[in-house]
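Single chain ahead, written as structure tokens, the form predicted on its own.
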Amino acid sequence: MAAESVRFELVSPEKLLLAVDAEMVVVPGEAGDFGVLPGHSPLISTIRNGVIEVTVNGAVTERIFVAGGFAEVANDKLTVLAEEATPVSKLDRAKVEQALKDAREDFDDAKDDHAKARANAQVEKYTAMLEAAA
């Protein structure tokens, strides 16, 4: 008999952030969003900046912004190891806009390729975060 849910665990470097049985979880994979349902084939993917959506009882119950990390699907379990994770409801639009402005200034002020790449990654993260907060 097939499982009726997929176990979803969201882990940050500090702790387990969320553990729930879900009907479906949509993950922002590097190659595009992918939905994980019960019986999903084993998979490992990097994740891009974006929003994880967790569906329980036919409704999206959690929307979590993630930045960087990996997702692994195996045996009706999805584990996301996120470098950074924030519930979308807790994103402060004004703070994100300021952080984006600062990151763009850092990019403009960067003196070498390494500093430019680091600043550009921050610009991309805060741009995606602002989209999620909209």
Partner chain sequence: MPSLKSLRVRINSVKSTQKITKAMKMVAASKLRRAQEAAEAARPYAERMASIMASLSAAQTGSDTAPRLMIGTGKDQVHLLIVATAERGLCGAFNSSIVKLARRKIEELTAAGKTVKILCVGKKGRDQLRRDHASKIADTVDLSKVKKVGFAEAQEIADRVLAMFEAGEFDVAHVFYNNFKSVISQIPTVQQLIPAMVAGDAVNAGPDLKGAIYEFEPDEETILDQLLPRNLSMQVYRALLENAASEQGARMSAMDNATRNAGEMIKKLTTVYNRSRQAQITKELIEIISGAEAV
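Numbering follows the first chain given and starts at 1. These numbers come from a predicted model, not from an experiment.
The discussion below concerns the form predicted together with the partner chain, not included here.
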The one residue among P87, G35, P38, G68 placing a heavy atom within 4.5 Å of the partner chain in the model of the complex is G68
Contact check in the model of the complex: V96, K116 and L130 versus the partner chain, with a cutoff of 4.5 Å between any heavy atoms. Do all three pass? no
Indicate whether L81 is a 4.5 Å heavy atom neighbour of the partner chain in the model of the complex. yes
Can you tell me whether E30 touches the partner chain? I mean in the model of the complex, with a 4.5 angstroms heavy atom cut-off. yes
Does any heavy atom of P42 come within 4.5 Å of a heavy atom of the partner chain in the model of the complex? yes
V123 versus the partner chain, in the model of the complex: is there a non-hydrogen atom within 4.5 Å? no
Would you point out which of 87-95, 100-108, 72-80, 57-65 contains residues with a non-hydrogen atom within 4.5 Å of the partner chain in the model of the complex? 72-80
